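Single chain ahead, written as structure tokens, the form predicted on its own.
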């Protein structure tokens, strides 16, 4: 089956998607990392995010791929492992801005659909159920209260970040607004998505809920 999990930042998509994929023996694909990979290359090459020609040239020669290593699934760009460099606040905000560009979304749309052809995968993102895989077997939309999401992200960043909790929450609120209001593939639940609120739930409870739904769908 092909399973997609959409939702805003900090809702727990990465942890839940990875755990669900592991329980099912499926591949886990973090599509947000692909946009972060694009943002990383934009920053590394000094490209203006509003420069359509510059973006088009970058995307034409872009070589992003996931590889399974001893450390788990890692993201490589032109053969270089960039996994540890794409989780900074700067990359996060740039990835959100880049994802609003139709030229970026189209380039990654083809890449993601290619990855999903063999199914047996859990795709995590923001428009998986609405745009990338509208015919996915099971669609989830995972969310949580903003303050809870901000605290999760703040704890995730830990001492490696100079951001305060208030700054993290403010950035997240801005990103929520940007992602939801953009013209290209706005963040919203698919009409047939099953919405799951993780505010007061542990990862285990959320994964168990989703697993029950997936198993019920498989038995139809």
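Numbering follows the first chain given and starts at 1. All values derive from a computational prediction rather than experimental measurement.
The same protein also has a form predicted together with a small molecule, omitted here; what follows describes it.
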property: Close approach of residue 75 to the small molecule in the predicted complex, 4.5 Å, heavy atom; result: no
property: Residue contact check: residue 182 to the small molecule in the predicted complex, 4.5 Å heavy atom; result: yes
property: Contact label in the predicted complex: residue 96 to the small molecule, heavy atom within 4.5 Å; result: yes
property: Touches the small molecule in the predicted complex: residue 40 (any heavy atom, 4.5 Å); result: no
property: Segment assignment from 25-33, 189-197, 162-170, 53-61: heavy atom within 4.5 Å of the small molecule in the predicted complex; result: 25-33
